[in-house]
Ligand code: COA
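One chain comes next, on its own, written out as structure tokens in the form predicted alone.
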């Protein structure tokens, strides 16, 4: 387990903490491997009844590490570290809670669609700027968001890629509660404690039933998104977006067709 992802097991709860604050918790391939390993650890340990994903009071994650992903994805999407993590997140029968503060960008937002309970600080800004970067949606967001929010609201979030607040997310039904940043993790941990005290087999069955209706379609969608995302990472549009970011200028897509 990389030191950039810390795990702690206590009272039937496995806390998984993203710990790369100097880079706004930007996720590398190795970090995705660690995040996925935590789910497998929970799945294989009957003493773990709940997972808690969190960062710090100031930052959840700024999304993918641009340098680490510049070379594209290594292999078929489902076998890559990020693909493995997302599929484990979507298919595990252990309940997942998230405590989110500060930036929750890209996968920092889409991974929450697979959590059962989400608590966000009022300093959180969610954003899915995939199109802005010449990319496409991932994590099943192109399926789940339209079904939850409606087609036009999902298109607004995924095509325009604007940031939105914890209060916005609460109104849209994407989180359970907006908190003061210092209280976010405490609120999430209280929820984990309550989940861990519930009959474990009943909770696992409930999560499986909640996911059952979309399980097959979600798998198909995530594979299609992953394939296209890998292609988009090599696209001229993504190259222009990354170059503009490093040069601290606005990208120019006027010559693309």
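Numbering follows the first chain given and starts at 1. For clarity, every value in this text was computed on a predicted model and none was experimentally measured.
Quick note: we don't show the form predicted in complex with coenzyme A (COA), though the next part is all about it.
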### Query
Going by heavy atoms within 4.5 Å, which of 24-32, 206-214, 37-45, 185-193 lines up against coenzyme A (COA) in the predicted bound form?
24-32
### Query
Do residue 97 and coenzyme A (COA) come within 4.5 Å of each other in the predicted bound form, heavy atoms counted?
no
### Message
Residue-level contact is defined here as any heavy atom of the residue lying within 4.5 Å of coenzyme A (COA) in the predicted bound form; does residue 105 satisfy this criterion?
### Response
yes
### Message
So in the predicted bound form, is coenzyme A (COA) close enough to residue 70 to count as touching (4.5 Å, heavy atoms)?
### Response
no
### Query
Taking heavy atoms only, is residue 62 within 4.5 angstroms of coenzyme A (COA) in the predicted bound form?
yes
## Note on the structure
Taking coenzyme A (COA) in the predicted bound form and a 4.5 Å non-hydrogen atom cutoff, the residues of 107-136 making contact are 125, 129, 130, 133
